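Just the one chain here, laid out as structure tokens, in the form predicted alone.
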Amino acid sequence: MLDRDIVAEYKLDHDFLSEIYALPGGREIKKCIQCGTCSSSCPLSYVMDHGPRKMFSLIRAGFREEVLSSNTIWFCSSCYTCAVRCPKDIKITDVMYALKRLAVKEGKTKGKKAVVLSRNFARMVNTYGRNHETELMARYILEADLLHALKFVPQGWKLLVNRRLPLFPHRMKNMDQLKKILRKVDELGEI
């Protein structure tokens, strides 16, 4: 059941469902029987605004702003537990990725720390072919959590002392091949 405050606060977009159906994996939403297996299986549902089940319900009802502004799509850890357990074999994680892309496209990412992390991770992969944890965390702290930068120092120091945090990045061999793959993915618009 949708909360009346949500209905009053958000304008319904009756074309939203059609738009979601056009996204990769989006058509599968119509198979959802609202059983709740996805939400109860999700290890991060406790920090989400809405579990996957409610997200599908909001999409069907046309709550575009609520869906694209929700933290749910950003807290999805891509563990695929929801998809594995779904009795209708809906690729829920793929739908979450499609919603992320749409939220980025529409500029609904302001104030989302997960977006900063995701964007910088992609930057690392595009630059080095792999993640460089030290640079990733430095960029994250500077862009998303500067006020709390000192809380990261003890853990960072422990990792550095135990040689678990490399100071310098290592480039992947055959970066040209990776860049060719990434360009093709960008052309296809799949990530």
Partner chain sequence: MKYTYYPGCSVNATANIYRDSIAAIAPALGLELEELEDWNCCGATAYMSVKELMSFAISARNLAIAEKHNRDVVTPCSACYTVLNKTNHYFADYPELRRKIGQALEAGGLSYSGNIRVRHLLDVICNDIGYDKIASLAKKKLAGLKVAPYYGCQIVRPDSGFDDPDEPTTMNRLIEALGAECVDYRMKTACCGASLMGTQEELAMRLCKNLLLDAQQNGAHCIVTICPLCQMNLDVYQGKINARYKTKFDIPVLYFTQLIGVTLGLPLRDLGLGRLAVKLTKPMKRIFEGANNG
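Take the two forms, find the largest set of C-alpha atoms that superpose within 1.5 Å, and that set is the rigid core. What you see is a predicted model, and the numbers here were worked out from it, not measured in a lab. Residue numbers count along the first chain shown, from 1.
There is also a form predicted in complex with the partner chain; it is not shown, and the following applies to it.
Shown here without its partner, the chain carries Thr81, Arg101 and Leu117, all of which come within 4.5 Å of the partner chain in the predicted complex through at least one heavy atom.
Heavy atoms of Ser18 never reach within 4.5 Å of the partner chain in the predicted complex, leaving it off the interface. Though the partner is left out of this view, Ile181 does reach within 4.5 Å of the partner chain in the predicted complex, counting heavy atoms only. Proximity of Ala122 to the partner chain in the predicted complex: non-hydrogen atoms within 4.5 Å are present.
Though the partner is left out of this view, Ile29 does not reach within 4.5 Å of the partner chain in the predicted complex, counting heavy atoms only. Comparing the forms between the shown form and the other one, the C-alpha position of His170 differs by less than 2 angstroms, with the core used for superposition.
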